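Only one chain is included here, represented as structure tokens and corresponding to the form predicted on its own.
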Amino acid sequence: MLLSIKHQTELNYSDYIKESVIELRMAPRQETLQHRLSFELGIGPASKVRSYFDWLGNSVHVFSINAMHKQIQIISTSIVETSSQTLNLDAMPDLWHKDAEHDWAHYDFLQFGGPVVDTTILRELAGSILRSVASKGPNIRIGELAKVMLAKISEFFVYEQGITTSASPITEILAHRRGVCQDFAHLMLGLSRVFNIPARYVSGYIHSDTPELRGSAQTHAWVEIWVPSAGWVALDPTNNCIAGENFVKVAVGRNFTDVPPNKGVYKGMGAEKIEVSVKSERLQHVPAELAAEKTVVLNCMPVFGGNIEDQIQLIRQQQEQQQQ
């Protein structure tokens, strides 16, 4: 599937701020089933952008704005070609063992931490899942256990916005039985931790031509579990499905705190308000003259240069003119 993804972020402040430093994870990963053909990053006010790979191979872009400003705009545009996983959870031969030993490379994806906390309610949910496959005796397969995890999450939890925040631990979705894709992903990570199955958080996008899939037209989150015979298997607990070719992977981590699309700090007393929109489109052919990666300046964002005293004086004059 050939997809175009446009991710737009606007940061608005109630008062002038300075020295904003922002880190972005918006560039889709290069992987076997996903090829990033083009990535363009627009930043306003003008800023020099540098990039690097983090410890998990995610592309990170960083920039700073030192002049005083009240607004920042970020627009990333990606062209990605994807393929689907040819998987059948029921047919996977790998047996599950609670006390199985894992490679050291999976250590971080077996540990509780951040929003993925260990609780009694989580353990009770894991117990009910295990009872559902108990008839298999010692021959429970990882794929079968994962399929039941997806089904139980879909059965007991409702997708609803406004109940949790980006900082919410899984205790909140367990208490309210409501949340968004981030909460569903964290919940499945928690269950995987209980079952001693390596699992990692995935951030990205999901394209849908219909409103049936939750999480389309916005950033999305799902989970990858480690199955020895297949490698990392992508599962979407929000939609109770295997992630297909309409999923675009941007970053992987232990949980959301490793891979937010944007995070940063700034100096100033102004309160921050963020607005995000995502638009995906299926393409019939590769657009001409694609650049593998480039950055552009969005000139519509004003800044105030000069020394701090001059900036403050100019702002005061503008405020006085507005009050007249």
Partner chain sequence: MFQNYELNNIFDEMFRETGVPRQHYEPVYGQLTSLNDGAFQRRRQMADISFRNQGITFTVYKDDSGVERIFPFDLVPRIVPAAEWRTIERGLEQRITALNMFCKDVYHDQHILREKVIPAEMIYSAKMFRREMLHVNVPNDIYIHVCGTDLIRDKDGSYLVLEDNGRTPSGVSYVIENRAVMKRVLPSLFESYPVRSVEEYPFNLLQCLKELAPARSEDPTIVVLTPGIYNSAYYEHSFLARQMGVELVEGKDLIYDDGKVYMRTTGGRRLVDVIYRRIDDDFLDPLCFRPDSILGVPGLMNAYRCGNVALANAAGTGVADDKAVYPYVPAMIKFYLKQEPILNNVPTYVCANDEHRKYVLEHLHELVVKATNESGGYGMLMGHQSTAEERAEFAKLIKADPRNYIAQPVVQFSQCPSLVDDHFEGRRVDLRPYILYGKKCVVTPGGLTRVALKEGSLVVNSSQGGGSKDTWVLEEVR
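Positions refer to the first chain, counted from 1. This structure is a prediction, so every number in the text was calculated from the model and none was measured.
The same protein also exists as the form predicted in complex with the partner chain; that form is not shown, yet it is the one meant from here on.
In terms of contact with the partner chain in the model of the complex, the residue from His35, Lys279, Lys267, Arg282 that brings a heavy atom within 4.5 Å is Lys267.
This chain appears without its partner; in the model of the complex, the one residue of Asp108, Glu81, Glu124, Asp209 with a heavy atom within 4.5 Å of the partner chain is Asp108. Only one of 257 to 265, 37 to 45, 270 to 278, 289 to 297 places residue heavy atoms within 4.5 angstroms of the partner chain in the model of the complex, namely 257 to 265. Using a 4.5 angstroms limit between non-hydrogen atoms, Gln30 is distant from the partner chain in the model of the complex. In the model of the complex, Glu10 stays away from the partner chain, with no heavy atom inside 4.5 Å.
In the model of the complex, the partner chain sits beyond 4.5 Å of every heavy atom of Asp15. Residues of 40 to 54 placing a heavy atom within 4.5 Å of the partner chain in the model of the complex, in sequence order: Lys48, Arg50, Tyr52.
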